[in-house]
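Starting off, we have a lone chain in the form predicted alone, written out as structure tokens.
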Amino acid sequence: MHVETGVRLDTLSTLGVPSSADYFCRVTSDSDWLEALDYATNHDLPLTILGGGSNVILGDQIRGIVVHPVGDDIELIEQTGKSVLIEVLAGAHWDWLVRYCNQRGWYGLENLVSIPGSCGAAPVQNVGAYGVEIAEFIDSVRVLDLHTSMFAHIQGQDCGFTYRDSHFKGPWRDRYAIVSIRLRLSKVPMVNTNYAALANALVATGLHEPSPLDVLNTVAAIRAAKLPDVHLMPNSGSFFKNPIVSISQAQSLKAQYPDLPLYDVDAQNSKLSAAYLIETAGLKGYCGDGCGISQQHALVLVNEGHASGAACVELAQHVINTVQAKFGVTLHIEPVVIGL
């Protein structure tokens, strides 16, 4: 492990805001993680973990040491005639993992293709798309306890997974570093086409009995058409969570806005389309201080110039305030704010 000083972080965040770290290191092995933790402890430095940078807003200067997991090692832990249990390092790219598993005949993750970021970050916000969440496949998460310097496996059911959330994003944020994740995947071809937009896209291309690869390719095509490419327009993907409200409030809004998409959550709650609320509030394409709401998709906040992390947070708050005033619904952002 090698510690560097004054490292620029702009290219390690898909939002591309100007940022730098007082100290910086890359980690691959258990010994690297322990060395990084020892360095932080011995020098009395706060420790920040930065994965693929697809779901963060960075401040201008990140104090302390920034630890960046790297490496794409995959280990086949066990397999049966119907399933496999694999372990992948936190630093592996999520999109690469989804495609790799599909090629190997390990199924289930296809709906989550083309999501930027690292595998270690995926459980933090319980990444989900097109009717699937990673929580469905997490067997356990291997962590380093930053308080005790001990490694441990935390079972998936104990991670507090909810919609775009987990204990790693909340009470465990400063307690654990995710070192690797274990996923239980199917060896039997399986698809999930319950999400209406995906089902319609498959039918439109004549795929009435799609294979897992068909689903993967279709989701990738939908995302490419709807979302701006981070390499051409820096962004942090879906910036706002779809709000969950009571069924009575949802029906009241539906009466006023008949085109408002609603999704059932449970017997008491419905999920609203944040994109619809933002666009109907007239904010799609809105910009200020170098950042704005994408013209392609109202959920996406883009960096149109050299916007600062602070400017992005200010724009997000403007969106939240505007939607709250118009609909009486509070939006919440998905990214984690660091150094602001």
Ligand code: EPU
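Residue numbers here begin at 1 and follow the sequence given. A quick note: this is a predicted structure, and the numbers were derived from the prediction, not measured.
This protein has a second form, the form predicted together with this ligand, left out of what is shown; the following refers to that one.
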| query | finding |
| --- | --- |
| This ligand contact in the model of the complex: residue 296, any heavy atom under 4.5 Å | yes |
| 4.5 Å heavy atom contact, residue 218 and this ligand in the model of the complex | no |
| 4.5 Å heavy atom contact, residue 195 and this ligand in the model of the complex | yes |
| Partner proximity in the model of the complex: residue 135 to this ligand, non-hydrogen atom cutoff 4.5 Å | no |
| Complete contact of 101, 104 and 209 with this ligand in the model of the complex (any heavy atom, 4.5 Å) | no |
| In the model of the complex, the residue from 180, 238, 118, 166 that sits within 4.5 Å of this ligand by heavy atoms | 238 |
| Single option in 279, 30, 314, 60 placed near this ligand in the model of the complex, where near means a heavy atom within 4.5 Å | 279 |
| Proximity to this ligand in the model of the complex (heavy atom, within 4.5 Å), stretch among 298-306, 63-71, 37-45, 22-30 | 298-306 |
| Contacts with this ligand in the model of the complex - residues in 261-280 whose heavy atoms fall within 4.5 Å | 261, 263, 273, 275, 276, 279 |
